[in-house]
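What follows is one chain in structure tokens, specifically the form predicted alone.
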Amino acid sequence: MILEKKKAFNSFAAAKGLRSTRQRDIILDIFLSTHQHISVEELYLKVKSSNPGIGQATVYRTLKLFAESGLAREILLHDGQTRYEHVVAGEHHDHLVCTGCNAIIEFEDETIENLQKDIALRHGFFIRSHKLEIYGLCSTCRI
């Protein structure tokens, strides 16, 4: 799956007239190895630990390209912090976001999905995409 994502991104970049770069490949490898919602700063720190020559601006621009290509999705949180997550074709999930520690819990619920479709249908609305983020306190922060 990672190889497919790399090929898809490289095809996207080539179609935009962008040449392949070692720095972008390194950032892509590190991003694809993460399994969390990651900020530019967090990804930059991971990249910098093994590749100190790659700057934060490069990481930022590259993450924007990942989002533009459909490889990543931007999530803007209540604190103004943008995080990025992997996009998996055909997969959809929603988020519980802790306003105490900024933890993000992914969940899927067929009842919520069906309710959204029913509401859209009642209003003659065609859903192209949606996101649901519920803000509150996680079990750790409630203590």
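Please read these numbers as outputs of a predicted model, since none were measured by experiment. All residue numbers refer to positions in the sequence shown, first residue = 1. Here, rigid core means the biggest group of C-alpha atoms that superpose within 1.5 Å across both forms.
Although not depicted, the form predicted in complex with a further copy of the same chain is the subject of the following passage.
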Taking the partner as it appears in the model of the complex, which of 54 to 62, 71 to 79, 38 to 46, 25 to 33 has residues with heavy atoms within 4.5 Å of a further copy of the same chain?
71 to 79
May I ask whether F12, L18 and E91 all come within 4.5 angstroms of a further copy of the same chain in the model of the complex, judged by heavy atoms?
no
Can any non-hydrogen atom of S50 be found within 4.5 angstroms of a further copy of the same chain in the model of the complex?
no
Look up in the model of the complex whether K7 has a non-hydrogen atom within 4.5 angstroms of a further copy of the same chain, and give yes or no.
no
Against a further copy of the same chain in the model of the complex, would A67 count as a contact residue? Criterion: heavy atoms within 4.5 Å.
no
Check whether L96 has any heavy atom within 4.5 Å of a heavy atom of a further copy of the same chain in the model of the complex, and answer yes or no.
yes
Sequence order please: the residues of 126 to 140 with a heavy atom within 4.5 Å of a further copy of the same chain in the model of the complex.
F126, I127, R128, S129, H130, K131, L132, E133, I134, Y135, G136, L137, C138, S139
Core aligned, does the CA of Q56 move at least 2 Å between this form and the one not shown?
no
Superposing on the rigid core, is the CA of S20 displaced by 2 Å or more between this form and the one not shown?
no
Establish whether a shift of 2 Å or more occurs at the C-alpha of L132 between this form and the one not shown, with the two forms superposed on the rigid core.
no
Pairwise C-alpha change, R128 versus L63, in the model of the complex against this form - closer or farther, 3 angstroms or more
closer
Sense of the change in Cα distance from E68 to R128 in the model of the complex - at least 3 Å versus the shown form
closer
